[in-house]
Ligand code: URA
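The chain below stands alone, shown as structure tokens; this is the form predicted alone.
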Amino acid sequence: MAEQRLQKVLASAGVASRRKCEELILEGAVRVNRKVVDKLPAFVDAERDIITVNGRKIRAEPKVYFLLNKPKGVVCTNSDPAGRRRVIDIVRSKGRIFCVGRLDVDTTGLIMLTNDSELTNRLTHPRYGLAKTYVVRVKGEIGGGAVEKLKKGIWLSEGKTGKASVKILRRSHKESSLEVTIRQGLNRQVRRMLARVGHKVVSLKRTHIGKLGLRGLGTGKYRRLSGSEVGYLKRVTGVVGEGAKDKTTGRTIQES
């Protein structure tokens, strides 16, 4: 196995987030083959090197992948000072898991959780731009001009958003519904885009991440991803050398 960054190996083993693992390294809490490693960058072979954190040997956890239909009022963070319900409180998993990206507290719908830090980094990286689809209800009748602006991109504080796919589902004087697909992940992006064209969002629900959808998932329900679904995510994000096994056939999915 090729050498990898030490903090990545620690995060993949479920020690903590990659940033926290970097802090542990710099604090001198990590040893590789009995020698303290307290400088970055540091590289290790996870299959050959003996790695300990505060005296405890790390063991790689099996990778797990879940899809959840997030209810309103639930937060996508592992630590919430306000004590609100978290998505990780809903999904039962023995090891540490975390959200792939975030939905704000008032947004519902599809969110992915995993302990695979490498795939998470790729899924949230702007380079790969995996499509995310939302169904939005807004106040007022949205016109063709506003739709065209959304399609071409909206100027926000971070710059101009990428082109969006927009489909009108229902339109009336009081309220309109539309389907919006974007490939970015800016903070509260869809809400801010609609606000810029003069429409306040009444409700926002993510229905798809790439080709993965909500079908069969009631609000607050979750399921494990199949081996083929994991393989699909790895292919579209360019992950190589990490074959996923289909739970039905037990065969390794080729990431070509």
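Since this is a predicted model, take the numbers as computed values, not measurements. Numbering starts at 1 and follows the sequence shown.
Below, we turn to the form predicted together with the ligand, even though it does not appear here.
For the marked spot (104, 107 and 134), a heavy atom within 4.5 Å of the ligand in the predicted complex is present in each of the three residues. Between the options 67, 44, 204, 230, the residue in contact with the ligand in the predicted complex by a heavy atom within 4.5 angstroms is 204. Residue in contact with the ligand in the predicted complex (any heavy atom within 4.5 Å), chosen from 191, 63, 208, 31: 191.
Looking at 82-90, 149-157, 181-189, 162-170, the stretch with residues near the ligand in the predicted complex, meaning non-hydrogen atoms within 4.5 angstroms, turns out to be 181-189.
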